[in-house]
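Take a look at this single chain, the form predicted on its own, given in structure tokens.
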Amino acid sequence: MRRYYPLILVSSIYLVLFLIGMDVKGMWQPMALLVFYAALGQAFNIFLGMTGYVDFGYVAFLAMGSYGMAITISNLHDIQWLGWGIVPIGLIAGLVMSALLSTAVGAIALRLRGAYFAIATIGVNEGFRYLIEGARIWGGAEGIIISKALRTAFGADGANYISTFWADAFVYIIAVSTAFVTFFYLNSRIGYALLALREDEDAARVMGINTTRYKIIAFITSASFGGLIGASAWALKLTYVFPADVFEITYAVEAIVIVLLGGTGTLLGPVIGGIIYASLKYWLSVIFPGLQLFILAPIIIVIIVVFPQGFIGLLKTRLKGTRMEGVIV
């Protein structure tokens, strides 16, 4: 049972955020924002944290997830007998589209290392965006608007309930699921192999580890969770998908910052990093509207310079030798 304490801690954090959102008036959307960034950091951390590879094109997987949900809703909303089943079908479609794209990208880009891999992933993100807009795929630059289709399928009240509650609730479920998978990876052969290649890929290969196989596993897993986040937090919540929004590279940069803030390759790090980042961004936008990013950037730089291993790295150092050491993972 003690082995699962770190997972229980992470699940408890999400439960507390959910209960605060449900019970405190006006706190549902702020809590949903915290969980969105925590889930984004956790999903991104499966690849960046465990392999050390920086994926600037990660937002393309969230975009594929949002398109998967939007295409499903817009094409199947007239089929009455599907009922609420159309939502899980959309989530599955988003997951599959993200997984397929990550498989194709990973097969090519993961042959590269370091800066070459990062530059290649930027090209993937921008390339897909301009392909969709230029070839007018899935509505082109005009995107897909599903608000009318949602009202047709679920009625006005049902559509409103989905976009204001269930879209966020799905992100909670995805965040907890991502934590389970991260915990499993960290305590299995997959995690050990990934951490070995992060430290020294050539040495890991010499030791007989199939580094390409494990990198692709982490890449597809991370992208699949990104697709689920995009399907629920963007398509279902916003009820539209525009290329200019869903391919915005800022989200990939934010994911990197969250992982660095919390601690790379850890279970708890992206959760804490996501909460810190979202809280700073939210409150600075309230106190200094329009200047929040100008103020936020130097704060983040100072935090990362002072705590190069992230908050969890610092906490693990302070708690070394205590009973809490095994809980902070």
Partner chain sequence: MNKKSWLITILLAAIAVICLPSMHAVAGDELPKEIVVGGPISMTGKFAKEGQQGFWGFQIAERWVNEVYGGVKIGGKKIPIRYKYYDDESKKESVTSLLERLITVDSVKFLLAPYSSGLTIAGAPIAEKYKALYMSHGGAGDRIFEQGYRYAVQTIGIGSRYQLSALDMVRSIDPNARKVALFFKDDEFSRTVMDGAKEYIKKNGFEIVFERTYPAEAKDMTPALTEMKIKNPDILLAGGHFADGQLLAKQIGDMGIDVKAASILVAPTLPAFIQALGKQANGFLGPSHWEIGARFGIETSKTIGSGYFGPTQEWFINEFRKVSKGTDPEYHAADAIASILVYVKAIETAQSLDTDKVRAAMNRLHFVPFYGEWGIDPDTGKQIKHQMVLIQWQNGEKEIIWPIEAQTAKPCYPVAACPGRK
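Positions refer to the first chain, counted from 1. Computed from a prediction, not measured in an experiment: that's the story for all the values here.
Below: the form predicted together with the partner chain, not depicted.
- Of the stretches 155-163, 205-213, 172-180, 99-107, only 155-163 has residues with a heavy atom within 4.5 Å of the partner chain in the model of the complex.
- Checking Tyr58, Tyr67, Phe47, Tyr37 for any heavy atom within 4.5 Å of the partner chain in the model of the complex turns up a single hit: Tyr37.
- Note on contacts: among Thr250, Asn75, Gln80, Ser188, the single residue with a heavy atom within 4.5 Å of the partner chain in the model of the complex is Thr250.
- Contact annotation: Ala244 falls within 4.5 Å of the partner chain in the model of the complex, judged by heavy atom distances.
- Looking at Leu238, you'd find a heavy atom of it within 4.5 angstroms of the partner chain in the model of the complex.
- Although the partner is absent here, Leu33 is a contact residue: one of its heavy atoms lies within 4.5 angstroms of the partner chain in the model of the complex.
- Using a 4.5 angstroms limit between non-hydrogen atoms, Asp200 is distant from the partner chain in the model of the complex.
- For the three marked residues, Arg3, Pro308 and Glu325, no heavy atom of any sits within 4.5 Å of the partner chain in the model of the complex.
- Contacts between stretch 290-328 and the partner chain, counted in the model of the complex as any heavy atom lying within 4.5 Å, involve Gly290, Gln292, Leu293, listed in sequence order.
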